[in-house]
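There is one chain below, alone, in structure tokens, taken in the form predicted alone.
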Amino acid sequence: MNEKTDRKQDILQAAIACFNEAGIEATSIDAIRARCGASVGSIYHHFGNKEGIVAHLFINGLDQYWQQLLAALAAAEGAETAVKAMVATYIDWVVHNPELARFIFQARTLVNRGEQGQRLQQNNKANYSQVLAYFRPWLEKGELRQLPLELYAALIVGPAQEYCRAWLSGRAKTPPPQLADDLADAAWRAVGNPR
């Protein structure tokens, strides 16, 4: 990495820490600057403002997750494998990126309403289209229950997402990987078409 990239990463890491400790609204550019040692000018140069930092972290964090998910779906050999891979991938991503995951949970509404909201919606639409392309043949073969499209994500990843949120906040103590099989089995029971 070069010095410019290192500085940018330092700012982002400081920002995540500040956002998770104090909350996004309560965190100032000066707090981020103090934590990473960057100048205010450097922060504004790289990100424009605090909202720019929030959007960058959020969108790039989700992009990392989507890349991991789409790779898992590409390797899936059937509907059940794919559904369970979606749950496993989500849990794996959260466990390996806990600070970023905490931040994403608190930033979603802010980014959706901000300047990058439209970009986020376009990215999500494109990613969901790719997921649907994997699932469409299994839907057509009857391997998955016929449900409204918007319901699949809630049934497949929703319970794992809710549990991970509780785990990240300290309300749930059992590490998510210990429950991954149970959550994956529940997701399959919710959307799989019994034969």
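One-based numbering along the sequence shown. These figures come from a predicted structure and were not determined experimentally.
Although it is not shown, the form predicted together with another copy of the chain is what the next lines describe.
Colleague: Taking 34, 46 and 63 together, does each of them reach another copy of the chain in the predicted complex with some heavy atom inside 4.5 Å?
Modeller: No: no residue has a heavy atom within 4.5 Å of the partner.
Colleague: By the heavy atom within 4.5 Å rule, which residue out of 59, 154, 132, 70 makes contact with another copy of the chain in the predicted complex?
Modeller: Of the listed residues, the single hit is 154.
Colleague: Would you please decide whether residue 182 lies within 4.5 angstroms of another copy of the chain in the predicted complex, comparing each non-hydrogen atom pair?
Modeller: Answer yes; at least one heavy atom of residue 182 falls within 4.5 Å of another copy of the chain in the predicted complex.
Colleague: Against another copy of the chain in the predicted complex, would residue 122 count as a contact residue? Criterion: heavy atoms within 4.5 Å.
Modeller: No - in the predicted complex, heavy atoms of residue 122 and another copy of the chain never come within 4.5 Å of each other.
Colleague: Though only this chain appears here, would residue 142 touch another copy of the chain in the predicted complex if you measure heavy atom gaps against 4.5 Å?
Modeller: No, residue 142 is distant from the partner.
Colleague: Is there any non-hydrogen atom of residue 158 lying within 4.5 Å of another copy of the chain in the predicted complex?
Modeller: Result yes; residue 158 sits at the interface with another copy of the chain in the predicted complex.
Colleague: Taking heavy atoms and a 4.5 Å limit, what residues of 22-41 are near another copy of the chain in the predicted complex?
Modeller: In sequence order, 22, 23, 24, 25 come within 4.5 Å of the partner.
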